[in-house]
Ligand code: GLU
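As a starting point, one isolated chain is supplied in structure tokens, in the form predicted on its own.
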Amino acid sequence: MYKKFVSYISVAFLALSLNSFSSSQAAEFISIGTGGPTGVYFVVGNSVCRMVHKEAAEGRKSGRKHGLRCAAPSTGGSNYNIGQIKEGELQFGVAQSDWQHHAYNGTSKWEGNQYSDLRAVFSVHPEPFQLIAGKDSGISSWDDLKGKVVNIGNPGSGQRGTMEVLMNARGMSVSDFKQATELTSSEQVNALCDGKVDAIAYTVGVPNGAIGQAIDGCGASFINLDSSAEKKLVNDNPYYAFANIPAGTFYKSQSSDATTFGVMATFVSSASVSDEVVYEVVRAVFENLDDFKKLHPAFTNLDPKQMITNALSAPLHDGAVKYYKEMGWM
């Protein structure tokens, strides 16, 4: 059911992106980097596009004459998106709050490659880091991962980055696993259910269709992450926070609460993207926030005043600031 739901909304979003403007009208094209097609990042990007197109005057008697056409393709995730924004290939992207911090400050994977022109636009939903063990894997704790086949995520993804941070905090390396695979978020659940990997890691909003497939579809289970290693990460880094995934609330087969830690999804851009474009994108989202919030359960509790402050390490884009000041939020 989860997979079908994601597929339906993905097709709907893409259709809206392609059909919101007539081919005869000139438009400025903007592209938003997202993540795997079953993840919430993909929904975030396409939801933003849907709001941009909803506001557009083109082809209608009323609306904003901003002339923007928007697309949000599936991409490699946080670090990929930031890198492509830096290269000018994307105008916007969704990124974990920790990787926004590291890219802007030139730390972690971004050491020696600082991106000082990265700009925050707004934050979206919380994203717990979820470690999930296969039904017959024999894994019930982090220590049980030793000697197992573990998917650490594809290079450039936020889940890969967070997995490496946690491995370092736990004093482990890929050599401790029988095999460390690099499957994407859309590939890893099938591999888990098919027994090709013993455990997977995923940083994603709750609920998520792929996680639902693993938990409810093939008997996988969450591994608690609440040791002194996680506590130190949360205490030392303002972009991390603990999270609880309650039993039976999002996934019917989840028999006990899961404790973990995580980040937030953030929407970012570049100082080189014009104030006018960023203003129109921000305006489209916030003027239609009630509609936006209906597009995924992870968006239910979005609050404008928190969205413009929470987990944002890079400076706010001037185009975003213009709208926030107009609304009296700044």
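Position 1 is the first residue in the sequence shown; the rest follow in order. Source: prediction; values computed, not measured.
Beyond what is shown, the protein has a form predicted in complex with glutamic acid (GLU); the following relates to that form.
Peer 1: Would Gly36 sit within 4.5 Å of glutamic acid (GLU) in the model of the complex, counting heavy atoms only?
Peer 2: It does: once glutamic acid (GLU) is placed as it appears in the model of the complex, Gly36 has a heavy atom within 4.5 Å of it.
Peer 1: Examine Gly76 and determine whether its closest non-hydrogen atom to glutamic acid (GLU) in the model of the complex is within 4.5 angstroms.
Peer 2: The answer is yes: Gly76 has a heavy atom within 4.5 Å of glutamic acid (GLU).
Peer 1: Even though the partner isn't displayed, in the model of the complex is Ser157 close enough to glutamic acid (GLU), meaning a heavy atom within 4.5 Å?
Peer 2: Residue-level check for Ser157: yes, a contact with glutamic acid (GLU).
Peer 1: Taking heavy atoms only, is Asn151 within 4.5 angstroms of glutamic acid (GLU) in the model of the complex?
Peer 2: Result no; Asn151 lies far from glutamic acid (GLU) in the model of the complex.
Peer 1: Only one of these stretches, 276-284, 300-308, 65-73, 38-46, has heavy atoms within 4.5 Å of glutamic acid (GLU) in the model of the complex; which one is it?
Peer 2: Looking at the other structure, the answer is 38-46.
Peer 1: Go through 198-213 residue by residue and record those having a heavy atom within 4.5 Å of glutamic acid (GLU) in the model of the complex; state none if no residue qualifies.
Peer 2: Contacts from 198-213: Tyr202, Thr203, Val204.
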